[in-house]
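Read the single chain below, which is given as structure tokens and is the form predicted on its own.
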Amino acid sequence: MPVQKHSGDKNSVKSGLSDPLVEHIYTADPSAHVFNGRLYIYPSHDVESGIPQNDNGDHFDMRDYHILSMDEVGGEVTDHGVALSVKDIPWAGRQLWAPDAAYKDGTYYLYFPLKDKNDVFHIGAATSDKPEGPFVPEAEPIEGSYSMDPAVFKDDDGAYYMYFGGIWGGQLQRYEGGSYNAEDVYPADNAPAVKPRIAKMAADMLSYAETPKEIELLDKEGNPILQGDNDRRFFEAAWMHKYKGKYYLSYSTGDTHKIVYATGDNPYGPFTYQGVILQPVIGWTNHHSIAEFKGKWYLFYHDSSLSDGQTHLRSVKMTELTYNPDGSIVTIDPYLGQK
């Protein structure tokens, strides 16, 4: 169980605001949660695949998950070892991409995207009695699930919601007609963009209580964000958090490499675009989470500084997140700080 010291060195130009949380493996797509007073991070695990890079992400050939945890920001980071492996999942094809986790009634749930044996993404669930696992997967994916990047949010009333979806290699565009299409189908640039999805979780946390719904993303004039608006349209990595009664839906813009956010008054939206949380990082992709820990808010993200910019070999980092008095989020430049 490797343990590493996270220095949080803000003077490192190469590493940016902070050093990688661990350096003995490559980690990405961090989903952060506080369980039992300890900070747990559920990342994907990058490996050297030997596959040429392409827009479908075939070079991201991740095969298992390692869960990280720490008692204090800046303190020792524990790698709890393999929590779930693709070889343990009965319906597995390939590519264990960005996961998330939740807790309810004594059970911890790990949610993961995975391509089935027909190379179609679905979202699976696994359970454990410990936040670090190991996790035991269900025999089948969640019924009605598709695409990738699950993020499960617990609201103040105890209801749980899963946000998910990602275009390009994430296959969300293949469901634009309401059912799976083996060919990619994108809206025209002047049409509303492909929308992230939401589904309320059933009481068992292993199924949906409803058919997944589309989430409306609007500009400040109330108009839908358009497919050609690459600086603001949804690409992948939806994350939900709540701050002072407001719902914050954040996500990656993908090929423009930003983490942005929109706000709304309920879990389903609509959500109004507000601005940029994180500017582009080294290594093309951008994927994040936001969590409160011991009275402070933090942004968890990744970059490729440790691997000298290799897109498929990334490292998880974290930095403090700051709100303005009006609830807007202060934009972070990952190599200069907040501005």
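Sequential numbering from 1, following the sequence displayed. This structure is a prediction, so every number in the text was calculated from the model and none was measured.
Missing here is the form predicted in complex with beta-L-arabinofuranose (FUB); even so, the following discussion is about that form.
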- prompt: Each of D100, R197 and Y251 near beta-L-arabinofuranose (FUB) in the model of the complex, meaning some heavy atom within 4.5 Å?
  reply: no
query: Considering beta-L-arabinofuranose (FUB) in the model of the complex, which of Y26, F300, Y42, F60 comes within 4.5 Å of it through any heavy atom?
result: F60
query: Among the candidate residues M148, A262, M240, A125, which is the single one with a non-hydrogen atom no more than 4.5 Å from beta-L-arabinofuranose (FUB) in the model of the complex?
result: M148
- prompt: For the chain shown here without its partner, which stretch in 33-41, 283-291, 66-74, 270-278 has non-hydrogen atoms within 4.5 angstroms of beta-L-arabinofuranose (FUB) in the model of the complex?
  reply: 283-291
